[in-house]
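We begin with a single chain expressed as structure tokens, specifically the form predicted alone.
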Amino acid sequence: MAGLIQDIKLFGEDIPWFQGLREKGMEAFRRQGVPTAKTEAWKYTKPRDLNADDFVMNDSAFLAEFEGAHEEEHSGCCHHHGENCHCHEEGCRCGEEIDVRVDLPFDGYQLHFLNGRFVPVYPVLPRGVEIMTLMEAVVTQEAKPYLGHLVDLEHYPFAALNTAYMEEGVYIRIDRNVKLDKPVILVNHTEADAENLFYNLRNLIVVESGAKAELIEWYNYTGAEKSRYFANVVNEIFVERGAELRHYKMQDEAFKANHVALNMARVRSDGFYDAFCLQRGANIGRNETKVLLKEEQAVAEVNAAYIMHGWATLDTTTDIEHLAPETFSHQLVRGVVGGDAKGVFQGKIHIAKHAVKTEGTQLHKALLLTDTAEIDVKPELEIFADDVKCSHGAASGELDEEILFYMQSRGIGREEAKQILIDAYLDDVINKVADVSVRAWLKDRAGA
């Protein structure tokens, strides 16, 4: 645990409410520590490399200097509104200019992080969309009604640690009734010089009543395959009445990397939260999603896919809380596991006592490619109300040798035939991604 608690300079230490939240995070992390094999929520995903003492967290004293320079030199810049900007026409570049934009088969408003640091290059945004750094949102008080309001620090130790060191991240707000024409894309680049790096990202996403938006997270590593680092990510997401957020994630970290992410979403009446995560890389990769369906007619779709070989452990953990009548959730997770790798799925559906006429479904299926691959599954239903419809299921199997033989008899090589069957197996869940261009990109990444 000592390796994850470091004495570094953080911006915002002079803001009482914010620093108080950080201190609560540190206290909660000290009480819990790094999970062990005896920690129920982590018993299948042993955090063997998350308690090391050689991780290095960047000292960010330079951030305070950057903020001051930015305020002085670009005081008229409204990059977070995309309007009336006095320092750019197509984007705001403050501080060191870094060319980080990536080519994707779809357009979007790209924002970039490099080795855990936000790169100050801003897209021009339509009216009614506000994007700023987390620390800007803290200084202007815009973050105060949201930051830390969803995360239970006593039950999520890495989220508590994230809270203790939160500084990097973005605040995104979509105004009431705004329909965003293309996705906001958060590209998290990690490069070869990130060896033993430990970084925390904290993002706030607010979709106001009647608004619609699409958010894409891409964790993209370039460098030696066996680089080792630790990314600790928390997203707090607020979907207001009648709003819609489609949230897609591609996690493709280095083979020895560690990636722990918690997505906390609150959905109000007639709101819709649609999440999909594809995990491919990492030594330990855990994507955890908790959704609070707070009011009637709130809906959540939480789907995922994972594919890995080698020795990796990829963990998909979900917890959907139906806290009001007539709320609806659906989950589908599919995994492909080879080598000595392990896939983990832990899924919980909780139906509160008064949440009648509610529906929750959950299904996990996995494909084992080798005799040494492993799948651990723990589905849970907690039902305290009558007149509800709930179901969960889990299944695992192997590639059908008869189908492989048939394909080979038609001139298709065995490896190609296996890949065709794997792609078809994953299509069932990836096809749930509503955006056609994003869906095609994810399918391509799944087969990369």
Partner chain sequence: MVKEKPEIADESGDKYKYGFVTDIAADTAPKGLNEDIIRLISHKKGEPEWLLEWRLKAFAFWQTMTEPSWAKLSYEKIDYQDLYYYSAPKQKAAPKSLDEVDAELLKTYEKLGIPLKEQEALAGVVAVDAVFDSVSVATTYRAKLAEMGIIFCSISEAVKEHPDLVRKYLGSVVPYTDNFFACLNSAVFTDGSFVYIPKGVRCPMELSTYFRINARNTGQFERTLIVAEDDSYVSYLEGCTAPQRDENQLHAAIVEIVVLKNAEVKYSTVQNWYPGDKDGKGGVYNFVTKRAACRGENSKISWTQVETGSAVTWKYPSCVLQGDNSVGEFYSVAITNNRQQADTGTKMIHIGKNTTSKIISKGISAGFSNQTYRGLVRVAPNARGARNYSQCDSLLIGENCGSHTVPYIENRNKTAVIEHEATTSKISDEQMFYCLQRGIGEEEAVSLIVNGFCKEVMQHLPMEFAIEAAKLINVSLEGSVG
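Residue numbers count along the first chain shown, from 1. The model shown is predicted, which means the values in this text are computed figures rather than measured ones.
Not on display, but discussed next: the form predicted in complex with its partner chain.
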Requested in this report: Could you tell me which one of 400, 27, 416, 382 places a heavy atom within 4.5 Å of its partner chain in the predicted bound form?
Outcome: 382
Report summary line: If we test each of 34, 390, 57, 52 for a heavy atom within 4.5 Å of its partner chain in the predicted bound form, the one that passes is 390
**Report entry** in the predicted bound form, residue 44 touching its partner chain (heavy atom, 4.5 Å)
**Finding:** yes
Query raised in the report: Can any non-hydrogen atom of residue 370 be found within 4.5 angstroms of its partner chain in the predicted bound form?
Result: yes
Requested in this report: Evaluate residue 394 for contact with its partner chain in the predicted bound form, applying a 4.5 angstroms cut-off between non-hydrogen atoms, and reply yes or no.
Outcome: yes
Report task. Although its partner chain is absent from this view, report whether residue 376 comes within 4.5 Å of it in the predicted bound form, heavy atoms only. Result -> yes
Query raised in the report: For the spot marked by 195, 226 and 444, is every residue within 4.5 Å of its partner chain in the predicted bound form through some heavy atom?
Result: no
Report summary line: Answer among 362 to 370, 270 to 278, 181 to 189, 161 to 169 for heavy atoms within 4.5 Å of its partner chain in the predicted bound form: the stretch 362 to 370
